[in-house]
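A lone chain, given as structure tokens: the form predicted on its own.
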């Protein structure tokens, strides 16, 4: 039976396998030790697949359209990054590319790699490394910050041109919500339990 330390008060607990829908709390401070979501594994996999589709749509279609003096200009995420690079801001372009392209792709790829292989009954090679990389990718994935910047910028741009939101913008909004829900439902302990049960 594994020993788990409370994140709030550091009290050690012996925590066995939890049934679905059960939450384990610290006996000293009541802090959350582990929450086993009902159908959490399947829910996380379904949400990760949906997020991957939304990410593809968000990058394949126009993000915003600007209409000024009869001239319409369409932009997407990649053109924005390229424009930053060409505009003499390579550091900002690299940071934007990392936080809204590279990190989310890595996060989704690792989630689907681990969950997909476990779902079909295989043990993912390099599972500990995949979990470490997933933790780092998640901390660098900042779609929420990007969307906040867009929300702040749109009212300022509306004074200069007519702004038409594209399909990619709505896909990014949904992606932000779906990816957050996937990570909230993700339970690494359940993955380890399924893997160790097959060994």
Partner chain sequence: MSAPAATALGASCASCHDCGLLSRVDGRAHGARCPRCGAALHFRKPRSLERTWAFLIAAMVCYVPANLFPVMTVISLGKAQSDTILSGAIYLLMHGMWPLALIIFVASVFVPLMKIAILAFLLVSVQRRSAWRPAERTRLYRLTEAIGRWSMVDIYVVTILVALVRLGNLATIEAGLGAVFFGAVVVLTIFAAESFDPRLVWDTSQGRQT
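For the two forms, the rigid core is made up of the largest set of C-alpha atoms that agree within 1.5 Å on superposition. Numbering follows the first chain given and starts at 1. All values derive from a computational prediction rather than experimental measurement.
Although not depicted, the form predicted in complex with its partner chain is the subject of the following passage.
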Judged by heavy atoms and a 4.5 Å cut-off, are 73, 84 and 92 together in contact with its partner chain in the predicted complex?
-> yes
Would residue 149 sit within 4.5 Å of its partner chain in the predicted complex, counting heavy atoms only?
-> yes
Is there a heavy atom of residue 114 no more than 4.5 Å from a heavy atom of its partner chain in the predicted complex?
-> no
Would residue 38 count as touching its partner chain in the predicted complex under a 4.5 Å heavy atom rule?
-> no
Does at least one non-hydrogen atom of residue 57 fall within 4.5 angstroms of its partner chain in the predicted complex?
-> no
Its partner chain: the contacting residue among 11, 177, 184, 18 in the predicted complex [heavy atom, 4.5 Å] | 11
Answer key: of 157, 167, 173, 50, within 4.5 Å of its partner chain in the predicted complex (heavy atoms) is 157
Within 112-132, the residues having any heavy atom within 4.5 Å of its partner chain in the predicted complex are 128, 132
Core-aligned C-alpha movement of residue 11 between this form and the one not shown reaching 2 Å = yes
